[in-house]
Every structure is written in C-alpha cells, then in structure tokens.
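A lone chain, given as structure tokens: the form predicted on its own.
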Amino acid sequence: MDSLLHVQNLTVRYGADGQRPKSALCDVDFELAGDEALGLLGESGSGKTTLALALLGLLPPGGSVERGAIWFRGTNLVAAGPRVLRKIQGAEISLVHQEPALALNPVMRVADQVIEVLRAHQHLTGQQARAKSLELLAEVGFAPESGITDAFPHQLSGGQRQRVVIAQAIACRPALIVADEPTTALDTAAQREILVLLRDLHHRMKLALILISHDPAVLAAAVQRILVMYAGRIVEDGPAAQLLQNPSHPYTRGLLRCGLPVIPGSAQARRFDCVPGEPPDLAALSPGCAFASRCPERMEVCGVCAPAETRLAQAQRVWCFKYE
C-alpha cells in the first residue's frame, strides 16, 4: 500500500491529577492510502473521536499520547512541534465536526467563515479570498443566486450548515478529511445528501477520507474499508462489503444486528437486537479481551490475555482467539 497515513501502535490516555488514567486508545495500528475512504465503526466510547483528535494534534487537556507514532507524509505528528501541526491542521488534514452549529461562528456570514480558513493558510487578497470562497460554496452545492453566502448560520438548515463546514474543510485542498459523525444531527434526507457529497468529493478531489460512525449503514454507503473499534482497540479491519456481509468478530456481528428489525409474525411485531451488557470501564480494563464479558462466544483464554492480530482471507484482520 502506498500510504498517506500510518498510525503505528498508538496509545492515548486520559487522566487528571488524583484520577485513574483511562486507556482511550491502545496499540492502534493501521495504514491509509492517499485515495482511500476508510470508516471507523463502534459504539460511543470506543475511541473513534479520540483517534480523530489525535490525528490532528487536538487532544483535549488531560489527554496525551503515551506511545506510538502517527506518520503523515513522512512526518511523525506525535513528535512534531506546534508550528508544524499548525501548518497541517486545516490545510493538509481537515476535520468535519459532528455538530456544525457549534463549529461555525454564529455572528459571521457564511462566505466570511470560508474566507477566514483560506486566509489562515494562504496569502490571498480580500478579492481573491472572496472569489475562492464562492467557488468552494458552489462545490458543496450552493448556487451563487441562492443567497447562502450572506446568510448567518442560524438562518440555515442543519444540512446546509454541514455543507458550509465541508466547504471550510476542502478550502485548502487537503490530502485527508476526517468526518466525525457528520450526519448524526441531520434528518434522513439530509444525511443521504451529505454522504453523497462526501463520496463525490473523495472521488473528484482524489483525497483520503476517514468517516466515523456508529451506524453501519452510513459507512456502507460511503467507504471502501472499515475498522471496527471497541474499548480503544481495533477488533476487526477489512473491505467494507466483505466485513458487513461476513463479519468475523463477535462484536462486529452484534453491531450489525443492532437496530435491524426482526419480524417473526407480523409487521407490527418488531424486535430490535442490541449488544448485551455494558462497555468496560476504561480506567480498570482487565488483562484479557475487553469484549469478553459481553461476548456470547467467550472462551477461558479470553479472560487471561488480549488476542493478537490474525490475518484472514480477502485482506481482513481480526483480533479474536477463535481465529488464532
């Protein structure tokens, strides 16, 4: 693989004075090609957002990289200084937030919000930045006559606000966009439109995409490959179609059952499956497999040590003792 990004044994902990440290990520290791669309799938608290923030050097106070590396175009972002990170953030790696209303300045007009990103990274005159902002807004679906450019965020729908955030994200033609649950706050129609837009930009601009979601259906519509995360670890990795049709890890199978209606006798008698039990306390993880307490296929060894990576057919990887 011609890698744009290589996350290598990345371990991130959160912990403040007087509190037990939590292992938010543990030995996360994967590569991403420059033209690849990758999905991160998992429940809340599985480490997806922490991974996204680590890629951009934006871990919150109390969060730190304990070990590992993030190689991006030959630069280890973990060891890079603030000046290097500032040049990369927003210019080479961009983040699309889950809630666009919080990502946008409520007192700035739409075009000015895109201009602000352009002028932070490029030497442009006011006229050049204005023209470029209109081009970017057109790229995400806003016609010049729509009047969107002079609107304020509160005057837009949720889907329109997310399009503005995406226009900001592509402003400097980044090599990688990280989209963290970008459709969660939207209605079904707007979700579909945003996924189509991200997929179109991925192909048209030939950029890499990391799409984070707890919903397998969202990823099925937009990515080529999926990493499944649980308790800060990758538990399965493989081509999207193969993984969704033939999951190997018991946790992945449980996720794919969640929210899918089972109709035993009539259209009214619906049952929604869920993964039994609760996610583990990240401050008190056992030495075994983190999913062991919830796993219907648990074996004695699962409580003793963590499973190693096993490579399966068709480029799938899984971390489960069933396959060792």
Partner chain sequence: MMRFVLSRLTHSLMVLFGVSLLTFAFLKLAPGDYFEQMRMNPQISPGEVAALRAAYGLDRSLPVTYLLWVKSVLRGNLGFSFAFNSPVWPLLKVRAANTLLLTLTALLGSWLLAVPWGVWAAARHGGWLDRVSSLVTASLLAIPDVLIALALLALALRTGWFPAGGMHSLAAESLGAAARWRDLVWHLALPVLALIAGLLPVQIWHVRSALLEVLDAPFIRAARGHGIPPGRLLFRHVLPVAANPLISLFGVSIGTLLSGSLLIEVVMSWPGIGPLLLQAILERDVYVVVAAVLCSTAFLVTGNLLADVLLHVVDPRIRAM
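Residue numbers count along the first chain shown, from 1. Just so we're clear, the structure is a prediction, and the values are computed from it rather than from any experiment.
This next part talks about the form predicted together with the partner chain, which is not shown.
A.B. asks: In the predicted bound form, which of the listed residues (G126, G81, G74, P106) lies with a heavy atom within 4.5 Å of the partner chain?
C.D. replies: Of the listed residues, the single hit is P106.
A.B. asks: Using heavy atoms only and a 4.5 Å cut-off, determine which of A138, L102, M205, A131 is in contact with the partner chain in the predicted bound form.
C.D. replies: Here the answer is residue option L102.
A.B. asks: Does the partner chain come within 4.5 Å of a heavy atom in each of S286, R311 and Y323 in the predicted bound form?
C.D. replies: Contact check failed for every one of S286, R311 and Y323.
A.B. asks: Does the partner chain get within 4.5 angstroms of any non-hydrogen atom of V117 in the predicted bound form?
C.D. replies: So V117 counts as contacting the partner chain.
A.B. asks: Would you check, heavy atoms only and a 4.5 Å threshold, whether L56 touches the partner chain in the predicted bound form?
C.D. replies: Although the partner chain is absent here, L56 would touch it in the predicted bound form, with heavy atoms inside 4.5 Å.
A.B. asks: For Q89, is any heavy atom within 4.5 Å of the partner chain in the predicted bound form, or not?
C.D. replies: Yes, Q89 lies within 4.5 Å of the partner chain in the predicted bound form.
A.B. asks: Quick one: is H121 in contact with the partner chain in the predicted bound form, heavy atoms, 4.5 Å cut-off?
C.D. replies: Contact check for H121: yes, within 4.5 Å of the partner chain in the predicted bound form.
A.B. asks: If we check the partner chain in the predicted bound form, which of the residues in 150-165 reach within 4.5 angstroms of it by a non-hydrogen atom?
C.D. replies: The stretch touches the partner through F152, H154.
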